[in-house]
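Form predicted alone, single chain, as structure tokens, below.
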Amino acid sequence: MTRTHIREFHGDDLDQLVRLWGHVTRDADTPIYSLAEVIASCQADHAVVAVRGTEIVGAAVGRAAHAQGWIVFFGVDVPDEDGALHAALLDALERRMASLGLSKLSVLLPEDGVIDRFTDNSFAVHHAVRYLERDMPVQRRELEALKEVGGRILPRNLWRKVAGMTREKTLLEERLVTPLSRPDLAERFGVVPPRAVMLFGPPGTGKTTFARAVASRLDWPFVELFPSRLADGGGLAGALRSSFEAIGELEHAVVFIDEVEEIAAQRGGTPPSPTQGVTNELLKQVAEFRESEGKLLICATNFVRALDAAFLRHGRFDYVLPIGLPNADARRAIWGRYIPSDDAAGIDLDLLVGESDGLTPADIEYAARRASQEALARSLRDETDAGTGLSTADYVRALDNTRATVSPDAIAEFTDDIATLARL
């Protein structure tokens, strides 16, 4: 019988190790560690193999994190009734990792995984443990590309932090988030995941906040392109093209262009406008962007009627969605975010909701922060007033000194734009 010996993993062993991994995991629904992770640990961490003749019949692969060692793959593909080969592999891996000063060597197994070979070798079972994992939104190979375009990963709770605005959130959830995050469900109902969307509405209504929240909800990198900054290194059209080419290296991304009317205004006139070439380039980039999966372009504008007609035609943007002033429920939620919890019970919230009708979320935030600042200043001037906190009157005074961002004329124009330009 051919002798089996154990040695360190060599680069030439990779093909056989892949075969071994496939045999060992073929009956597992989802291996704890993927093949890519196992290969990475073989090449960068610690691995030993059992060889019979020229064939690899077993392997043990581990990695270390601080003082904790983890076995990322362990398997034998030949009969081993007495467990001697399993024990030898575990011993060899442990010896190889001993110099790292580990305090523990651990292994995770599927619920139906065989544990005897580990318990026979002094591994203790911890039953009250659940294994949870999540995919990282950006893989290592994409980090340089993300850095190049100034992208970033946003906190994952931004969607929940959007106060109120239930109608807008529902619309974005149904039109954007669900088709992109659940393509199988979208395909079931014949829905084509969107590639580009235009948000329009008066200034300060939260278009940027919604764009960021969508990226957070999808758990995709957020890349904001600033037309004014793109031109720093030369021509704007060329910089725009280079930026989209770099974004193409990412697997997923939400790309956001605010105040897009700066580079997408109506073309025409003699001589042509200096920005006409930029507008042409952006139209071209939008068309090419639509051909790639896993990405979403969100443009925002305060002046949708100023956009070149080509941007609003079917085939450029899947949806043209209005983002308006917050309704009563949204205003209530926004106030609730800024009123200190210690004072909330004594505040007439219904009054504030009514008095802030016609204000943007940014206006309400300004009024709330102004009231807090005035109350703090008052307490500093009069120490006897330090513990009284805020009152409804403080907020009403702040509202009296808050200028509405959106005028009645702008609201009327927005209403007209919804009727003539919105595409839901």
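Take the two forms, find the largest set of C-alpha atoms that superpose within 1.5 Å, and that set is the rigid core. All residue numbers refer to positions in the sequence shown, first residue = 1. Worth saying up front: this structure is predicted, and the values here are computed from it rather than measured.
The next section is about a form of this same protein that is not shown, the form predicted in complex with a small molecule.
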property	result
The unique member of G75, P137, P227, P202 whose heavy atoms fall within 4.5 Å of the small molecule in the predicted complex	P202
Partner-contacting position among V214, I334, L297, V260 - heavy atom within 4.5 Å of the small molecule in the predicted complex	I334
Partner proximity in the predicted complex: G58 to the small molecule, non-hydrogen atom cutoff 4.5 Å	no
4.5 Å heavy atom contact, N302 to the small molecule in the predicted complex	yes
L85 within 4.5 Å of the small molecule in the predicted complex, heavy atoms	no
P361: touches the small molecule in the predicted complex, heavy atom cutoff 4.5 angstroms	yes
Among 339 to 347, 241 to 249, 206 to 214, 120 to 128, the region lying within 4.5 Å of the small molecule in the predicted complex by heavy atom distance	206 to 214
Post core alignment: G336 C-alpha displaced by 2 Å or more between the shown form and the other one	yes
